[in-house]
Ligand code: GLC
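In structure tokens, one chain follows: the form predicted on its own.
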Amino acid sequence: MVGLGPKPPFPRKGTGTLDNLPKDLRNEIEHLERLFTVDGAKLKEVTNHFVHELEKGLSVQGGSIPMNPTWVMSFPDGNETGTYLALDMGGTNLRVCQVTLTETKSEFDIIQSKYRMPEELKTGDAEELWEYIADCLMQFIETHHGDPTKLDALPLGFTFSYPATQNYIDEGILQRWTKGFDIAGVEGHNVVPMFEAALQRRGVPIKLTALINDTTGTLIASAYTDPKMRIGCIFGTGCNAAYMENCGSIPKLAHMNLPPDMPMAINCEWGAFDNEHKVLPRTPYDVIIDKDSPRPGQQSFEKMVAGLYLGEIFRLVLVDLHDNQEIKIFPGQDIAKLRKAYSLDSSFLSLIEEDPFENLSETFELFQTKLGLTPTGPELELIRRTAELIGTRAARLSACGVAAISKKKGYKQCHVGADGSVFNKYPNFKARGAQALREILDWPEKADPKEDDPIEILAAEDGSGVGAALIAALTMQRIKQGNMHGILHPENFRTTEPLPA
């Protein structure tokens, strides 16, 4: 069976008691608990600063959190119809989707194909990259629509999840490549003309309608099927959020004289929260991760909560405890594999936290096979507690961002759509985040445990596929209504029509 998410936690008899451990290990666990535990008062302090930083990002002078306007200017109402294409350019695969928004409210059909992103293209020539993408799109159209010469231009939403500046919904100026790409001549340039030139050369009947970020897509796709959705989040290798702001609350757009009550989806890029290190409870291990990263001083929040870093924090703790003469875990063993930076990812911590056995036999086997280490019983307890502390801190700090947007917007009750490997697969992440929201927002205890929380974080819809197609639909809809704000090439939209549903 597939897609059932993490196994439910097993009650381990004896968990939580340190009485049977040697005194030095017990003291070390208590020290780690002091370092990594974030209490309710600290959560509130972080959240209040987060609200301030969100507002600063919307101001003319700006702040650490970019708060990028996306030119997505409405939520879907579930009545959108038509067939749209979506292109999702990831680091490993290229995904092409055809999304049909049906006559039935809030329902859609999807056909999709995946194409491998060849490694050599990621560091090759820009033209070769765009030609390959155009070939994949042509192959998809020929498979599902037959002769491309007989088709009118189809509208496409392009999920381009790389840091980009968007002054218009149909442009994206690449700030820097990520996910292993390093192609010369693209950074600092608008990627849309390069993409469209390749489509034209190949004769692909497609017009780009919207360039989007996956987080904005997550917000819109989730709102299509659930009218209570107000925030979209990614908790995965990285972290991010998007929500709908009023243009009157975005001072950096004041010069455009947009109606103050007009909605505008904001792509927060909140991994950059607290780059100034004013409020986040950083440990010595967080300081090392930042110092040794490719961009020290950037993405401070992300480095404490995102999947890319959780395994590395854990690894640094264990190496430190091995090298510490007073404790010295794994004495007399070769920890060469453990010394390799970024050799453990968040799935390694997931496996430790999911170990159902009282003697932690699955964790023991994991350490033997992956790291060539043979931990003692007390060392296994320390390993388990360390994983719990790091995973819990990530979930609790992540909740501060959700709480901050909710406070800023005055949301007392809403749904939050979340996607990403950490949210979907890390054990207890959702429950720990929900508990943190309760503490930050001072919710009363539930009378019935099955009762919903006022603000619920739920699994999101497919943001990079369905979300991109929906944003293409919403963009065409608003242009027909005469809202041309944030459109660079209005002439493209006069020749583009969705296929009927």
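Whichever C-alpha set is largest while still superposing within 1.5 Å between the two forms counts as the rigid core. Throughout, we count residues from 1 along the sequence that is shown. Being a predicted model, the structure only gives us computed values, none of them experimental.
The form predicted together with alpha-D-glucopyranose (GLC) exists for this protein as well; it is not shown, and the discussion that follows is about that form.
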| item | value |
| --- | --- |
| In the predicted bound form, segment of 383-391, 354-362, 140-148, 176-184 with a heavy atom within 4.5 Å of alpha-D-glucopyranose (GLC) | 176-184 |
| Candidate from S406, S350, Q166, Q299 lying within 4.5 Å of alpha-D-glucopyranose (GLC) in the predicted bound form - any heavy atom | Q299 |
| Heavy atom within 4.5 Å of alpha-D-glucopyranose (GLC) in the predicted bound form - the one residue of S398, T209, T215, S222 that qualifies | T215 |
| Contact flag, C239 vs alpha-D-glucopyranose (GLC) in the predicted bound form, heavy atom cut 4.5 Å | yes |
| 4.5 Å heavy atom contact, E269 to alpha-D-glucopyranose (GLC) in the predicted bound form | yes |
| Heavy atom of T83 within 4.5 Å of alpha-D-glucopyranose (GLC) in the predicted bound form | no |
| Contact flag, Y162 vs alpha-D-glucopyranose (GLC) in the predicted bound form, heavy atom cut 4.5 Å | yes |
| Shift of F75 between this form and the one not shown at or above 2 Å (CA, core fit) | no |
| P375 C-alpha moves between this form and the one not shown by 2 Å or more, core aligned | no |
| Residue shift check between this form and the one not shown, rigid core fit, Q413 Cα at least 2 Å | no |
